[in-house]
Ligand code: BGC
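Next up: just one chain, as structure tokens, the form predicted alone.
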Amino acid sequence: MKKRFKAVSFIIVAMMFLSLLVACKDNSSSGGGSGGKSSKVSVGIVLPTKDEPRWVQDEQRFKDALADSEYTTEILFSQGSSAKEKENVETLLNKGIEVLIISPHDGEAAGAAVEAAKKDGVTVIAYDRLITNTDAVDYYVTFDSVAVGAAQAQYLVDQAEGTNVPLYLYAGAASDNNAFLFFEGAWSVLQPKIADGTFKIANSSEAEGLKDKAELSRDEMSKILGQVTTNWDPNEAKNKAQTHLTAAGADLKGNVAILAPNDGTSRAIADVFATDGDITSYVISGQDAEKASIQYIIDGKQSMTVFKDVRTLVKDAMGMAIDILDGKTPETTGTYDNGSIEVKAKQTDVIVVNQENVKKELIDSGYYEASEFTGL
């Protein structure tokens, strides 16, 4: 009886010892340090919203990018809320991520979230949108946002005929650093053509007051954006366009040029201008090559879009994350001043798409299928 009791006791003690070993192993792999490939989730990704097609496409491409890798990822959406964004980062930190890829809803508000990640030893990659006024950002993967704005503006310039062409300005959200970069690029191209009388600003007294100034400060741009921001919201863009056209006199109609910041707002603004009987024609910009806007371009309802091949951007971001997980130093091509530090960055080129090259750039390249459009 005593021998049996001793044997049972030995088994119980052995099981307890094994349990402790397993618990220690679990604890060592759940933190945000250099546990490497043992982490439950290797790469955490936070995207701003599921309400824009662009970010839904990114979600799938991020999943595909790690499909053949030993590393794992989890993707969460912030739905336009900085509080939700911070909560998402905390959720991912609790799952032991080693790399955080984040496209912030609000570049400055995201600082608190990434500072928590940095404190946990997690490498932070800002994706597409820069996180500002914090030193807790390690890398930035982006398209050349200044070049995007310049490309949009150059298209308007190239299509302009005569003088005093009414120019309607619209911009992204003032909470998004990219909106300033887009506008900076656009202004660098438009301002000389405003100053020489090619364009006449139709909907911003702040821009009109600065029309002779080639380079604008951040505060000056903020004042213009305060009048023409769409907040990346098509409904807000539609309402602003209706307000501006209602207030515009006959001299600000006819053949017009419209700087629209992205495809969603471009379609909304174009729909408003198309229904105004005093608008003879319009040339309007866009960006992101959203499927709906490609159909608009084919149909002649949107003039152009700046194609940012998200496949390349995702590949760059995930390649950078894998380099970090493998203990390598990621390749970068420049830096961006985020107001606190110079953030190392990798930039991806952009392509202007219109009716003439839409098939070549978006169908022949495999980005979209021809069957997804009519009248191609």
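Here the structure is a predicted model, which means the values were calculated and not measured. Residue numbers run from 1 along the displayed sequence.
The form predicted in complex with the ligand is left out here; the points below concern that form.
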item: is_contact(Asp288, the ligand) in the predicted bound form, heavy atom dist at most 4.5 Å; value: yes
item: Residue contact check: Arg311 to the ligand in the predicted bound form, 4.5 Å heavy atom; value: no
item: 4.5 Å heavy atom contact, Tyr170 to the ligand in the predicted bound form; value: no
item: Contact of Thr132 with the ligand in the predicted bound form (heavy atom, 4.5 Å); value: no
item: In the predicted bound form, segment of 187 to 195, 219 to 227, 173 to 181, 247 to 255 with a heavy atom within 4.5 Å of the ligand; value: 173 to 181
item: Interface residue in the predicted bound form among Tyr282, Tyr155, Phe199, Trp232, criterion: non-hydrogen atom within 4.5 angstroms of the ligand; value: Trp232
item: Stretch 251 to 270 - residues with a heavy atom within 4.5 Å of the ligand in the predicted bound form; value: Asn262
